[in-house]
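What follows is one chain in structure tokens, specifically the form predicted alone.
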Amino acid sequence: MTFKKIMIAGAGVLGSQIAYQTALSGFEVTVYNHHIDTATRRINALKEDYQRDLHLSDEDFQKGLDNITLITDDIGAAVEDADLMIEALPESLELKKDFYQKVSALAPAKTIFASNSSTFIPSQLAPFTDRPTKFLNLHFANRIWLFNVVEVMRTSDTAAEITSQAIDFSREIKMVPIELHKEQHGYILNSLLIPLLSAGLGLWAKGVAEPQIIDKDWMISTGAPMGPFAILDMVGLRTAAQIEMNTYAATKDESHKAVADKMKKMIAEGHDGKEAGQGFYHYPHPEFADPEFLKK
């Protein structure tokens, strides 16, 4: 293995998935998250998905869990002896800045830093650290056990051997590494996906149609298994709302704030997406998965 010990900072939707996939692949994983009970719940909730999609037995799934250690409020203990630290914190630049400044002071010199940020490119984050030559972004798609792509984005300062090691690690956790030749906001995946999601949200915000109707049109017209609002449920509305607010802050386009406000209202009502049991659809049996959904 390229590395042995991996630290994951943040056990949100993707952080929990990255942690478990890495642990299942045989690495020692430490998860740093403020609420251990939340991290435990999210990681354990992956069992049904891994058993359904990858046919893991109870014993197989437990082997992954056995490689995970959960730590709260002690960054130093979490990053101690880590070969690689993957940050998967909420999409707030100030929050990430504070974290990187703290972890830089505590991490061993050998530790490579990587961010899973969907919003910020590595050259925006590397200056917050003490190791710009050992910094890059590793961007994972949601449901990584099935959609096993990791986009590898470096800066002009990232050492070539660090990129190579990150690519090797990606393969070792059963991902397909996609190396970008230059920095790009949104990488490849989100550069293609975000316009679809934004268009759907814009139609909803303007009152053109309800989310389920927008999804139905897209699914019937393209043959896609889900529409933009079902995808947003998978991502989680908190993340989507934060991205819309970040876009509003950068562009001052009021339409993004209007969309974020509508999602914040849903979040306040507990409708945060699939993980919460309800977002634009109800889970675990969402309406869009019903064969009759496209026939009405």
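For clarity, every value in this text was computed on a predicted model and none was experimentally measured. Just count from 1 along the sequence shown to find any residue number.
The form predicted in complex with a small molecule is left out here; the points below concern that form.
J.: Counting only heavy atoms and a 4.5 Å cutoff, which of 83 to 91, 176 to 184, 128 to 136, 152 to 160 contacts the small molecule in the model of the complex?
T.: Going through the listed ranges, the match is 83 to 91.
J.: I'd like to know if Gly12 sits close to the small molecule in the model of the complex, meaning any non-hydrogen atom pair within 4.5 angstroms.
T.: Heavy-atom contact with the small molecule at 4.5 Å: present for Gly12.
J.: In the model of the complex, does Leu95 have a heavy atom within 4.5 Å of the small molecule?
T.: So Leu95 counts as contacting the small molecule.
J.: For His256, is any heavy atom within 4.5 Å of the small molecule in the model of the complex, or not?
T.: No, His256 is distant from the partner.
J.: Phe169 near the small molecule in the model of the complex, any heavy atom under 4.5 Å?
T.: Because no heavy atom of Phe169 falls inside 4.5 Å of the small molecule in the model of the complex, the answer is no.
J.: So the small molecule isn't shown here. In the model of the complex, which residue out of Ser123, Gln212, Asn142, Ser198 has a non-hydrogen atom within 4.5 Å of it?
T.: Checking each option against the small molecule in the model of the complex, the one that comes within 4.5 Å is Asn142.
J.: Within 4.5 Å of the small molecule in the model of the complex, heavy atoms considered, which of Arg52, Lys63, Lys265, His35?
T.: Result of the distance check: His35.
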